[in-house]
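Next up: a single chain in structure tokens, the form predicted alone.
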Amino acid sequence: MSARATRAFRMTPLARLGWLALAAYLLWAMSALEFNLARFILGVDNGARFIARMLPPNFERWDLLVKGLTESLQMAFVASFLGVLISLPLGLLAARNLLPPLVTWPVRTLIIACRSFHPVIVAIICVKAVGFGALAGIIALTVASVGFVGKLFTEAIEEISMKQIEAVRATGASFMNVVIFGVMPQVMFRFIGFSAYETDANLRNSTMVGIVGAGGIGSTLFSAFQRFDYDYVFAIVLSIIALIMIGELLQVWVKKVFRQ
């Protein structure tokens, strides 16, 4: 038993060389990024003093807090709805087991393009295009939703059983009937799970895009940082955590409801 275990974890000379190269690269990257123990210890001390200035949290301006959280919640739900609505046809058009490469590759390229950039980067572009406010955040989160949910929808459709598809096609059904009676029954519950997860993700992302002026509680958080109002910052952070926890509970509840 011990001999087998030793052979199972024995590394070849090429593997050892690879690990050594990885270790050398990590050391070089840390030195190039000025990552050292003295700076880390100084950062811990500064962080402790910063946290001390945040205590206790200040909820006196609860009206601004509720307004920012409500706007973030609205942005997340609207963007998730639009993202899923756009991703469904894109996922069908990108599935290689349903359509030829002439159709699937352009659509897959569009989905990849939507997934290539972080929502904050897209939000910066949207703020420049449509101005400050929730509209820029909704557009940015919708683009991110299309990139993520579109990919998951496509993969789910490509993993379905083709026997049911062939049976529906044998009746002379149109493409839409094939989708309705052959594809959707196999992937509906996975689509619901993906949509619930994306809504939860957009709740988190809506707090980030506001930092660049795209509305939501992120804008309130950034303004508090600029005023050095750290006790209010901590109140906002606690509220964001509560909002994300509520979103997580909502996601679990939605999955339970549709599984019954």
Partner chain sequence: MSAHPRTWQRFTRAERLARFSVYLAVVLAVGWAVHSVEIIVEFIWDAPEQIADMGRRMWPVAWWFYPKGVHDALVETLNIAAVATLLGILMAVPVGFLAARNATPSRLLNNLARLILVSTRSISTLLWALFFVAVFGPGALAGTLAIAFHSIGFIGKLFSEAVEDAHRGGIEALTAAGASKLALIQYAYWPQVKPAFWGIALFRWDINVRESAVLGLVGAGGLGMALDTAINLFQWDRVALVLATIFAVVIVAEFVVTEIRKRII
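Numbering follows the first chain given and starts at 1. Since we're looking at a predicted model, the values are computed, not measured. Superpose the two forms; the largest set of C-alphas matching within 1.5 Å is the rigid core.
Just so it is clear, the following notes concern the form predicted in complex with the partner chain, a form of the same protein that is not shown.
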Residue within 4.5 Å of the partner chain in the predicted bound form by heavy atom, from V107, I124, V187, L88, is I124
Please determine whether L93 contacts the partner chain in the predicted bound form, using a 4.5 Å cut-off between heavy atoms.
no
I'd like to know if G131 sits close to the partner chain in the predicted bound form, meaning any non-hydrogen atom pair within 4.5 angstroms.
yes
With heavy atoms only and a cut-off of 4.5 Å, decide whether S116 touches the partner chain in the predicted bound form.
yes
Would you please decide whether L221 lies within 4.5 angstroms of the partner chain in the predicted bound form, comparing each non-hydrogen atom pair?
yes
Suppose contact means a heavy atom within 4.5 Å; in the predicted bound form, does that hold for all of D63, A140 and A201 with the partner chain?
no
In sequence order, the residues of 196-221 that place a heavy atom within 4.5 Å of the partner chain in the predicted bound form are R204, M208, I211, V212, L221
Is there a C-alpha shift of 2 Å or more at V66 between the shown form and the other one once the rigid core is superposed?
no
So, superposing on the core, is the move of V44 at the CA at least 2 angstroms between the shown form and the other one?
yes
